[in-house]
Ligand SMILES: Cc1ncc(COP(=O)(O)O)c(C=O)c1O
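The chain below stands alone, shown as structure tokens; this is the form predicted alone.
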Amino acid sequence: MLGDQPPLVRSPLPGPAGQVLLDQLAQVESPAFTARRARRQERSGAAQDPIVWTEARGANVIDADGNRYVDLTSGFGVASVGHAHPRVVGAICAQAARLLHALGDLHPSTLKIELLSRLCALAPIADARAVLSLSGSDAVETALKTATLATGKPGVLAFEGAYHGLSHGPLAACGYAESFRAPFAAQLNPHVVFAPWPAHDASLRAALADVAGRLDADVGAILVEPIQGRGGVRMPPAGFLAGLADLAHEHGGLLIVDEIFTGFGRCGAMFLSAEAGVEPDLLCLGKSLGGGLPVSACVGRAEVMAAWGDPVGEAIHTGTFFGHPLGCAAALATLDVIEDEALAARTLELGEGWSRGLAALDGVRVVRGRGLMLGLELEADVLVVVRKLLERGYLTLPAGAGADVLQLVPPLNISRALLDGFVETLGEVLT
């Protein structure tokens, strides 16, 4: 049954049907993506042409030529409950027959109210209020605006290697690569400062002292991921998140925790901030929340969110599709699946065994991460390995600014057999 099947690749990639579609794509797509593929092909000496998806279910993806893959990307972490989970699809279909669109923040749907209530109850914040939006970048944008209103300070301290989205507010705090910010620097917040990301085995005291030395009177928020995802699955020293919360509050600022990637069980806990005993002032959520539909949220302490108040008599932060009924229905069903199937606990157990198997392979230098968010440092060029894995039916991604980490983020309900099959295939590729 599609969803839990091993790979089956029967043609060179891309196949004939895929190539026709890629030729069409080249005539209509922004050249930015074509140029990126060309740069990666030049560096690696390996083809970087994409496949074209036509169907996905569970952990499987089918391309235009009928090839079957095991998706170890979860569609950038979105499909944490698997592609097209029956409960999520059922909720979307049922809602589509009743109400496709409401009037946003003016006259909301019942499902928007239900999702807001659910998120405020789940978040590790005692008295929470939330704003729904569409993308993770939207959620960070909301948090940055909220912090400015609440503190009266325009500045943000972020981290080198961090990725928070590429709309203008988050882009200013994107430490992933300076090249992302450089073309738009004149339009971005000039009050953002960056601190280096500490190694997992670094001194906690030294790491926090480094951050403290960069906090000035303009900084009203510290923005941080519990684990840097796109930045290379980089973990900080134990206690770092709690230490940042203390520093933020000592300097009259707020702690914004970006759990867009790490949240909802991905790393073996519903939220890593809660596991660390930290109550964020603002919590950013997204990716897997919608089970495949675009839904995100910024959840904050009531005292902080009260800063929105009624500043000019109008709602100064909203969007036509924020709190969309279909997205809310999908999100509620996704949360049900995560809780009913105990996916957070399963993920932690499954990830521990998988990481041990991966670490034992020749050619794997380091395995880091938690749960089913793993990053591998390899002896081989990661871009070459990603392509060879694709040719054998496994979808993976490079991570890190230098594309030098193999990132593995499969669906949380993937079978152990598929993970074991990948370990065997990666071992073959690396030799």
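Don't overthink the numbering: it's just position in the shown sequence, from 1. Values in this document were obtained by computation on a predicted structure and should not be read as measured data.
The form predicted in complex with this ligand exists for this protein as well; it is not shown, and the discussion that follows is about that form.
With this ligand left out of view, the stretch that reaches within 4.5 Å of it through heavy atoms in the predicted bound form is, among 143 to 151, 244 to 252, 332 to 340, 162 to 170, 162 to 170. Not displayed here, this ligand is kept clear of residue 281 by more than 4.5 Å at the level of heavy atoms in the predicted bound form. Interface residue remark: residue 136 is counted as part of the site for this ligand in the predicted bound form, having a heavy atom within 4.5 Å.
Among residues of the shown chain, residue 261 is one whose heavy atoms approach this ligand to within 4.5 Å in the predicted bound form. Although the partner is absent here, residue 287 is a contact residue: one of its heavy atoms lies within 4.5 angstroms of this ligand in the predicted bound form.
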